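Next up is one chain by itself, shown in structure tokens, the form predicted on its own.
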Amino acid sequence: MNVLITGFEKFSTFKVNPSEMIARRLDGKTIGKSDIKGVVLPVIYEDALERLSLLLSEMRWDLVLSLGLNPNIGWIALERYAHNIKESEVPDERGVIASGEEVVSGGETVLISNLPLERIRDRLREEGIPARISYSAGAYLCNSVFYYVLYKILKYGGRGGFIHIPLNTEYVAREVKYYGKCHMPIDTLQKAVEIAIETTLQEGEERSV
């Protein structure tokens, strides 16, 4: 089985994006019988979706799991719903401010992740990693990537989802201005993503038996 993991480059005032670190760490790794490809996307609406379009045309990925940073959480947020909207007062790294455009023209208003979110959440908690299911990925680039992935892969039965992660502890330790933010060690964040992949693939194997 082929698995694609995406993260984002650094953005805004955050000099390190843990989603980028995890995508790079997992690139070329094998989990179970699955080969992982890790890719980093720019925090630019147009460029991110163009890059994603090329990646999704390479093959029929069995699983596409996208990652993004939410510096305001202290847990692993497993996103359930992707919305067909781009809207944020915060500009992307090219200065573009989205104001309600559709991610995919004429696409469904909402698409739903088909990952086993409850099983992933429970496994993470069993491993001592705080996790919860989230019902909105916002309307910034994270949501755009999440929606676009689902729009493409649900057509052929692929599995897709999005996970928001907090800042990594190692970065916060060097940035006193973020000492009030929640964080997790990068190894813990990577372990959480690996558990999400393993759990999803295991469920797929169970269904095929």
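Just count from 1 along the sequence shown to find any residue number. Being a predicted model, the structure only gives us computed values, none of them experimental.
The same protein also exists as the form predicted in complex with pyroglutamic acid; that form is not shown, yet it is the one meant from here on.
Proximity to pyroglutamic acid in the model of the complex, defined as a heavy atom within 4.5 Å, singles out one entry of 171, 151, 140, 61, which is 140. Pyroglutamic acid is not shown here, but in the model of the complex it comes within 4.5 Å of a heavy atom of residue 19. Residue 69 belongs to the set of residues with a heavy atom inside 4.5 Å of pyroglutamic acid in the model of the complex.
Although the partner is absent from this view, residue 159 stays clear of pyroglutamic acid in the model of the complex, with no non-hydrogen atom inside 4.5 angstroms. Looking at residue 43, you'd find a heavy atom of it within 4.5 angstroms of pyroglutamic acid in the model of the complex.
Of the candidate stretches 47-55, 172-180, 29-37, 61-69, only 61-69 has residues whose heavy atoms lie within 4.5 Å of pyroglutamic acid in the model of the complex. Taken together, the three residues 81, 86 and 146 all stay farther than 4.5 Å from pyroglutamic acid in the model of the complex, as judged by their closest heavy atom. Residue 164 is the only one in 162-188 with at least one heavy atom within 4.5 Å of pyroglutamic acid in the model of the complex.
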